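Starting off, we have a lone chain in the form predicted alone, written out as structure tokens.
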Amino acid sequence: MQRTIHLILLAVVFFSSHPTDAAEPTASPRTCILAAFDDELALLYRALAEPKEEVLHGIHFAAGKLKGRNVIVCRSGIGKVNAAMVTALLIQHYRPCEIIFTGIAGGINLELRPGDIVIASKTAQHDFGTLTAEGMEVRGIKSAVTWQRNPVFLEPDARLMALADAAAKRIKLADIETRDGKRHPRIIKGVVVTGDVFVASPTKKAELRKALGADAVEMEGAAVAQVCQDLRVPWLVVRSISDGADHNALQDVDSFTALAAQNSAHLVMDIVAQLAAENNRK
């Protein structure tokens, strides 16, 4: 018993005295915006007013104002573990009003082309479940908070979806030059699936479309959604198509990352502007 009490006291002393090198959380409303890598955040970094770098456990966060809204902009790193870790740190330290994930994705829906945008109406982890001789049976993950199994598909915050809808009708995206001439980027609501693999396989692409009704595939969104849902933080995933998740994917992602990242960021910036306007009306 005495040893147990001693260990508890040591833990209390350690965690209460262990320093962090970022600023303390504030009570002002703010939005956290995540992307896997810096190229996906380039437009947002440039648009950030009053930028200030903060560091927490070695991870760099850019704090400032975007369209009049207090924001934290951060690179999560690629993959579900990195995305979940950074999301948890963001929530614990900054206590955001909402988290938005932005960036690129592979197109599963055959009608989507580079530069098109998918606003996730739901998202799922396509590589979590049971693998049998018949194939992959995707399952929902048990919550670390409630220990109840979540559904396979997680749905974003309805208010953020409404703001995304409004942004989709308002933003002006540049036409894209293709071999067949100019085309205007499409913006749809659809299913975005997540896994720890870069999909460059027509076979896997068809499987994801058939099994999950996927419109786009990426490597972070559903992990962020899982953490946000468990910790009760509103979330939204916005992705722009950089490739077709097929045998040309590795070449296409190099060619279209900048375009796709820019389009996704434009839509996110409009959502943030609406959040700022809402706050000013209060």
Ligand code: ADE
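Small disclaimer: the values here were computed from a predicted structure and weren't measured. One rule holds for the numbers: they count along the sequence shown, beginning at 1.
The form predicted together with the named molecule is left out here; the points below concern that form.
Heavy atoms within 4.5 Å of the named molecule in the model of the complex are found in one stretch of 89 to 97, 147 to 155, 103 to 111, 161 to 169, which is 103 to 111. Exactly one listed residue, out of V224, V238, A35, A245, brings a non-hydrogen atom to within 4.5 Å of the named molecule in the model of the complex: A245. Taking C74, I187, V199, V191 one by one, only a single residue has any non-hydrogen atom within 4.5 Å of the named molecule in the model of the complex, and it is V199. Not displayed here, the named molecule is kept clear of A63 by more than 4.5 Å at the level of heavy atoms in the model of the complex.
Taking the partner from the other structure, the named molecule in the model of the complex has no heavy atom within 4.5 Å of any heavy atom of D215. In the model of the complex, the named molecule stays beyond 4.5 Å of every heavy atom belonging to L41.
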